[in-house]
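Only one chain is given next, in structure tokens, and it is the form predicted on its own.
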Amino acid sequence: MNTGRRERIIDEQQAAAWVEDGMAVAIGDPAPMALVRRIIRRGVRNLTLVASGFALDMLIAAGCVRQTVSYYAGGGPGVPVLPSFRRAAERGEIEVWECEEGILCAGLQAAAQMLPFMPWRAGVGTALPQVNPDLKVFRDPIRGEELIAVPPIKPDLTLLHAAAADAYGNVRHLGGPGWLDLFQYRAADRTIVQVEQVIANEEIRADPWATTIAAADAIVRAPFGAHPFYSRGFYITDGAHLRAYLQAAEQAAGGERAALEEYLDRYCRAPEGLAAYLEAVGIKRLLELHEY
């Protein structure tokens, strides 16, 4: 019997090939944008996307999404709802599985524990079970309280970004994992983590408590891979880049897609990989984002 450890490092092209039409894909926070852009470049379609924010909006803008499972489709202060999401939802181009943060976590937890549902209290007495008929109101047999039964939210694949990992898939998030990362990891059939650095297994073993995910299915080395988002300890969010996308997406929501298509072509479809994308952004801009 072969009991040796398996190296799990793959490149971004191999990682993107794991994503197939019709899959349920969860995306962590900060989003692994190198992988998100590869999905757009490949022209994947009909995804059920468990994601939030700009990554969700960009994949909708590129036509990759059939259904969204999201607690937040906004873009920060002043942008309560992102334009591509709003337009697609209003026109019936995507299905929206309505939920809030707690319900999303409960559904992911139900999938992780292989349960038919997870009970949740928030939303009782609201119209949420009518808006989303998959949420069932029931009476707790122990205390007699009304609760909501949240069905499993089961990603086929979870895509995450983290600070570092070794060749065997042991991952470190600097300053702790993203808000939903561990829920998404535990619920999914497989998980790919893109990282800023690949470090030695000896470094992992020297501080085992720093490991946040053990034996992820694949690791992708992607320095600056979360751009235009932040990566703790490495760089901050590129607000100007996000504003440029937002302006293009708002024009598209108004019926003029030229600027949005230009953005998608320049930053997602044309670059053959992460290195070419970073060249398009420019070394001067990237160095300006250094956190320390």
Partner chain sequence: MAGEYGVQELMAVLLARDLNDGELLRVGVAMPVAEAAVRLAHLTHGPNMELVFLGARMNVADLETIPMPAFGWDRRVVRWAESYSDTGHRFDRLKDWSNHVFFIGGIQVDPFGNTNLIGIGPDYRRLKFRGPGSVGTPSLSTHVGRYYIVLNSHSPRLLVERCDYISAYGWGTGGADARRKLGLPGGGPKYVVTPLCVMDFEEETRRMRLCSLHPGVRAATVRESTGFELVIPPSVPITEPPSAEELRVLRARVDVASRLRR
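Computed from a predicted structure; not experimentally measured. Numbering follows the first chain given and starts at 1.
Beyond what is shown, the protein has a form predicted in complex with its partner chain; the following relates to that form.
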task: Please pick, from P208, P141, G92, P116, the one residue with any non-hydrogen atom lying within 4.5 angstroms of its partner chain in the model of the complex.
output: G92
statement: From R86, K136, K154, R190: within 4.5 Å of its partner chain in the model of the complex by heavy atoms is R86
query: Taking the partner as it appears in the model of the complex, which of 197-205, 213-221, 92-100, 157-165 has residues with heavy atoms within 4.5 Å of its partner chain?
result: 92-100
Contact label in the model of the complex: Y185 to its partner chain, heavy atom within 4.5 Å: no
field: Non-hydrogen atom contact A259 with its partner chain in the model of the complex at 4.5 angstroms
entry: no
query: V131: heavy atom within 4.5 Å of its partner chain in the model of the complex?
result: yes
query: Hey, in the model of the complex, is R45 touching its partner chain, heavy atoms inside 4.5 Å?
result: no
query: Are there residues in 39-54 with a heavy atom within 4.5 Å of its partner chain in the model of the complex, and which are they, in order?
result: F54
